[in-house]
Structures are given as C-alpha cells and as structure tokens.
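A single chain comes next, written as structure tokens; it is the form predicted alone.
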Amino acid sequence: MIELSHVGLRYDGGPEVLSDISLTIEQGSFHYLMGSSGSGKTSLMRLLHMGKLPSRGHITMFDEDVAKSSRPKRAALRNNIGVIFQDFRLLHHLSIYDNVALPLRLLDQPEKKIKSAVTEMIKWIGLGEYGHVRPPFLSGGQQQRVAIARAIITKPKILLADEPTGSLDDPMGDSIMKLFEELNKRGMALIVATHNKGTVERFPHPLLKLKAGHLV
C-alpha cells in the first residue's frame, strides 16, 4: 500500500532529519516504530500521513506518486489513512458522539448512516453509554478510545498511531493494544510509534527502528 524509496526530509533548508528511508508497508501488516527522542519518528509519521512531502526520494501510496499528486488527489488518498495523535486532539466542546461523527460529516455522509455507524463504533470501544459526554470528563484511556474510534470510523486501510499508550498505565495500554490487534485481524495495517519496550514484548510484531534519521 505504501512504498518509500530513498526518502529524505529536511525542514526549511536545514540538515536532513530523515535520510535514505526505504520501506514497504503491505496490506494487513503490523509494525512498531521505535527510536530515541530526535531519531525522526514523528517526521516519518508526518510523511506517512502526507502532513509533509519528502525533500528527496519517492513515496508511492496506493499506486500514486505523492509528490506528483495534486492537493485534491492527496486529500482523497488521505481518506485511506487513519491517524491517532499522541495528544488525542479531541474537540472538547463536542460530545463523544460528535467527535467520532466528525470525519463522516466532513465527507457529507447522510445523518442516518452516521448515526448507525457512530452508535455501533462507540459501543465497540466500550463507551456506548457515554455518547453524550464531552472529552474533559473522561479518563485518559477513555479519551484514547474515542481518538481510535474517530480515526477508524471511515474504515481506513492503514492506521498510524503516535505513542498511543504513552500516557496510560500498563493495563489500560494493553486494552488499547488489544483493540489494535482486533483491527489488524480485520485486515487493517498498523504502524504504532512507541518507546514502551514492555508493550512490544507483550504484543510482538515486526519492529522498525530509527537512529539519527536512518532506518536501522
């Protein structure tokens, strides 16, 4: 689904923060992305969800050359990619229901279809009775579940998660990982950026490691 070939990335003419990254992400795969602070994990995640374009090299997503694609085409490609940010980025003035419904509304889906999909989704993440509650009144683990629901409500082909368990204790983090593994069993590809070696040991999957901007 995604192929990076000798990709480099620099910001504002500075030194490269990623160098010669070559990587293939297959349908239904599950990878961890690890590396110390400053190794380039966040930059690589930005490339993967097209928040940044490469300074050199080529990125092909779903048979499209990202650099040569128009903005509308990239926006269409982005619909295949779900993203979970480390800080959740939930809208605190909206209920859980409306946070999860937002991506579908941006796609102009009919409200009847949205209601059915969102109701089923928040039930699946174990928050069926909390649809009317706003994020500030939820625990960190509950907010993370809402972020996952919002990221996958459009049924993307790949899910990118940046430190999804970083602020959670091990039992809550493990419950999030079990949700990820269930999504993977259903055919969704996942890339999970983490520094938690315990999580990697308890839920083993192939590991991508960055060191000073290089994939090692």
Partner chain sequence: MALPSSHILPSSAFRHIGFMVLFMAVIAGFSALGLLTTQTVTKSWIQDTQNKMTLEILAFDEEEKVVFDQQRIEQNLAKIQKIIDGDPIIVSVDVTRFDNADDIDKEYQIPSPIFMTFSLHPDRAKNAEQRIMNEIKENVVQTIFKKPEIWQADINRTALTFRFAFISLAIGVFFVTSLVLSATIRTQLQASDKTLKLIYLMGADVSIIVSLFQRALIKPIIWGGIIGLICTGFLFSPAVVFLNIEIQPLLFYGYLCMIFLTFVVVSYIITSFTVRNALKTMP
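The model shown is predicted, which means the values in this text are computed figures rather than measured ones. Numbering follows the first chain given and starts at 1.
Beyond what is shown, the protein has a form predicted in complex with its partner chain; the following relates to that form.
Using a 4.5 Å cut-off to its partner chain in the predicted bound form, not one of S55, H58 and D65 places a heavy atom inside that distance. Among P135, G131, G140, P103, the residue placing a heavy atom within 4.5 Å of its partner chain in the predicted bound form is P103. The contact residue chosen from M34, M172, L183, M50 relative to its partner chain in the predicted bound form is M50, the criterion being a non-hydrogen atom within 4.5 angstroms.
Taking the partner from elsewhere, L94 is found to have a heavy atom lying within 4.5 Å of its partner chain in the predicted bound form. P72 belongs to the set of residues with a heavy atom inside 4.5 Å of its partner chain in the predicted bound form. In the predicted bound form, at least one heavy atom of N79 sits within 4.5 Å of its partner chain. Although the partner is absent here, K41 sits far enough away that none of its heavy atoms falls within 4.5 Å of its partner chain in the predicted bound form. Along 124 to 159, a single residue, R150, places a heavy atom within 4.5 Å of its partner chain in the predicted bound form.
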